[in-house]
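Given as structure tokens, the chain that follows is alone and in the form predicted on its own.
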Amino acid sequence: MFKSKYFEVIRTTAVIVISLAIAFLIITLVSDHPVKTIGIFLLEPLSTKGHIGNVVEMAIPLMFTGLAVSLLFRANMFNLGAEGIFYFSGVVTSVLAIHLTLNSWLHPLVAIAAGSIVGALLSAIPGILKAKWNANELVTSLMFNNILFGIGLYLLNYHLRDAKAFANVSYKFEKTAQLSKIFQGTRIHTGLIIVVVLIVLAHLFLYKTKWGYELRMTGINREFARYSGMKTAKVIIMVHLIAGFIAGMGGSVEVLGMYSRFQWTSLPGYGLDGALVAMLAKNNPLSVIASALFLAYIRIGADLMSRLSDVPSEMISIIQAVIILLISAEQFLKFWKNRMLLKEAKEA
């Protein structure tokens, strides 16, 4: 029997191969030493323990936002609000990291929990607007990104900013609030364990529970789910709460794991990157791990390439654009899928 999962794996692999082939073609055209440059791009991220650590460090926030967005996409909610929630939850967590005095295991727990709960509550607003009044979740979530960024920047400038620092950064966090590192010689922190556990729990929730089934059915056909007796409005609000909680936790973990002060003066971009991770993962929680690591790997490779060769790191934008175009193109390789289905029907 033809399996759609098999087709999606082949399709995603083809997208990645085509994207990299285009990137290599561009490198060949613009670089004086194309073979060396491609070698740097492909192999340099694995050359040292520090570089491997950089890949994993960058993948951690991508896993958080990729997981949050994949759940929303699975419910057919094109919501990009993880960007603003990731940022604002980081601000909330920073306030507690600066002003609270607790022991080293309770302090980060309280700060992360606060950021996560705030993220869930903020995400619920577009969810309620969608469930009750059918407001376009893309529009409302993008508007909330700007609102949350403006409020967060105001708090940083007028309440958290350290006047003695020579930059627009907050006061230093209490050392008890910062997450511990789990691999010596890298900045990989305990956030990696947290996000992997979350991904496993999300997989179990999506495929092993009644609520996960209702979420998937609502995403496939909301009207059918409603006529089947499912409370689709409740499902929409629920998935927004869960996604906001995960995105908020991601911002909190990133701030406490990678920084000693809050220093984001612009949106970090991880929320929008989460959409790309979710698309590559085909909205499958377990696949988010590989997708996030892949995206982090090529970004670190591009950064090292820009420093060690004559090709700028902006080339990574081309790869990402091609991936988005091909992944979102429903007709890409559809002829092959139809041929397989036809062959299976004849054999039957």
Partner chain sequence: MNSLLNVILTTDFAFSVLRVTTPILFAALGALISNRAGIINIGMEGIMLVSALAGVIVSSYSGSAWVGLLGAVLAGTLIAGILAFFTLQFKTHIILGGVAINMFASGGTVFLLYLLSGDKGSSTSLPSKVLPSIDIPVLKNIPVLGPILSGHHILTYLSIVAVFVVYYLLNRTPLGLRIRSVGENPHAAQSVGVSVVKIQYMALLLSGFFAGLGGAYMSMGYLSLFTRDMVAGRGWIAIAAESMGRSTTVGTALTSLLFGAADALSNALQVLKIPAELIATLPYVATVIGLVIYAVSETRKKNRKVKSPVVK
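Worth saying up front: this structure is predicted, and the values here are computed from it rather than measured. Positions refer to the first chain, counted from 1.
Only in words, not in the display: the form predicted together with its partner chain, which the text now covers.
**Student:** Tell me whether S116, L121 and N221, taken together, all sit within 4.5 Å of its partner chain in the predicted complex, counting heavy atoms only.
**Tutor:** The answer is no; none of S116, L121 and N221 reaches its partner chain.
**Student:** Would you mind picking out the stretch of 48-56, 313-321, 285-293, 35-43 that comes within 4.5 angstroms of its partner chain in the predicted complex, counting non-hydrogen atoms?
**Tutor:** Comparing against its partner chain in the predicted complex, the contact stretch is 313-321.
**Student:** Of these, V92, L129, L198, I188, which has a heavy atom no more than 4.5 Å from its partner chain in the predicted complex?
**Tutor:** Contact with its partner chain in the predicted complex is made by L129 alone.
**Student:** Just give me the single entry in I147, L204, I193, L109 that has a non-hydrogen atom within 4.5 angstroms of its partner chain in the predicted complex.
**Tutor:** Residue within 4.5 Å of the partner: I147.
**Student:** Can you tell me whether L304 touches its partner chain? I mean in the predicted complex, with a 4.5 angstroms heavy atom cut-off.
**Tutor:** Contact with its partner chain, no.
**Student:** Please determine whether Y158 contacts its partner chain in the predicted complex, using a 4.5 Å cut-off between heavy atoms.
**Tutor:** Yes.
**Student:** Is Y154 near its partner chain? Define near as a heavy atom within 4.5 Å, in the predicted complex.
**Tutor:** Y154: contacts its partner chain in the predicted complex.
**Student:** Would F73 count as a contact of its partner chain in the predicted complex, using a 4.5 angstroms cut-off between non-hydrogen atoms?
**Tutor:** Result yes; F73 sits at the interface with its partner chain in the predicted complex.
**Student:** Pick out the residues of 244-273 whose heavy atoms come within 4.5 Å of its partner chain in the predicted complex.
**Tutor:** Counting only heavy atoms within 4.5 Å of its partner chain in the predicted complex, the contacting residues of 244-273 are L272, D273.
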